[in-house]
Every structure is written in structure tokens, then in C-alpha cells.
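What follows is one chain in C-alpha cells, specifically the form predicted alone.
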């Protein structure tokens, strides 16, 4: 385990969105196939950027090659909405990926929607700990093989929004967030849970994100994504439009 952050992580730049996404799909397939005797755990991101990736994974040549029965899927964050709501990350993933591939239902760990948001956060926190087999994160023992992240123009990632109390959470693995600039209460993995990953991957596309990528790589404290670390390695997968001039 090397231990990297947004400054030390490597940067891979591709000609366009299609090329960046296909590279990531190929890499995920390689990683999943390489882990033969244990579950391959992955935390997925929401939003519009990774939707092409999920559609690719559910299409050939990928759909028949991923070891779905050994893959365990989690969500890095979601809006506190019914899964069939049009703005639910869970619903998006169900439509684009889970309903189209033979992944066992028990391997898909969606964020709960019952009770209060705080109740749901505690329930998902407990589910992560059950999967991990311990209540505290251990050095050198990752929770996830891959944690896929996006990046907002305001520097947020997952639902770690600027100025929110969740940014100071260091005990819970899942917490709530009510961003003033975005709709809906959110549930999100916290910094410690994201850090507990063999691979953290930022997938970022488009010229509108170029300045934010530069700020986060420079670890601008105004951007919550700047504080992301990985137990293992951290990689930026960018299309040319999102890549700052210095990469």
C-alpha cells in the first residue's frame, strides 16, 4: 500500500470522453478478473459523468466477461430519495447496470431510504462494517478494491460539499449532508471510508472542470476533494478538455 493523495496521484489523459471511459472499463475488468479468490468490492459514484461507464460495463465485450458473482457493489453517496426517483443514484445504477447484468441481488448494496436520513446513514455504516468484518478500519486492510469518484465544479466529491459538518467526520463511515447549493439531503461516505481503498479513481470530463481539477491537485483547502486520500494509489482519469495545462 503506497498511500497517495490528490497531488501525488498519477494523471492519465485521454483524447475524449469515450476514450477515457473505455480505458476505465478495461482497467476495471482487468482488476476484477485478477482478484480470483475473494470478492471484488467497488464503490460507485453518481452523477452524469460515469453513466457512460456503467452502460459500457453492461454491454459487450464487458457484460459477459466481468465476474459478477464475485463483485460487491456499494454507492459512495446518494440523495435521500426512493430508489425509483429520477434523481436517485441507486435508480440510475439499477437502470444502466444492475438490471442488465447477472449480478446477484445480495451483492448490490444500495443506500437505505427508510426512516430518517440519520437512521439510513447508521444502517449503511453498519452494512459496510459487516462486509469489512470489523468496526474500525485497519491499516493495510482496505474496505474497497476501487472507489470511483467524480468532481463537482465547486470542488465537492461524493456528497462532501464545501462548508458542511460532514467534512470533519472522522469516526462514522457514512454520514448525512444537506448542501445549500444542491437539492435534497444526501448520504455520503466520509473521508476515512474513502481512504480505505486499494485504488481511488477520479473520473472527470469536460472543460468546465479543468480549473477545479487544477485546484484539487494543488490541494486548495476550499475544495473538499483536496482532502481525499487513498490507502493504496490514487489516479486521475481525465479527458483532454478536463486536463490542466501542466499535465
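Positions refer to the first chain, counted from 1. Model, not experiment: these values are computed from the prediction.
Not pictured, yet referred to below: the form predicted in complex with a small molecule.
Contact between residue 47 and the small molecule in the model of the complex is found at the 4.5 Å heavy atom cutoff. Proximity of residue 158 to the small molecule in the model of the complex: non-hydrogen atoms within 4.5 Å are present.
In the model of the complex, no heavy atom of residue 145 sits within 4.5 Å of the small molecule.
Contact annotation: residue 152 falls within 4.5 Å of the small molecule in the model of the complex, judged by heavy atom distances. Considering the small molecule in the model of the complex, the lone stretch of 74-82, 109-117, 132-140, 169-177 in range is 74-82 [heavy atom distance within 4.5 Å].
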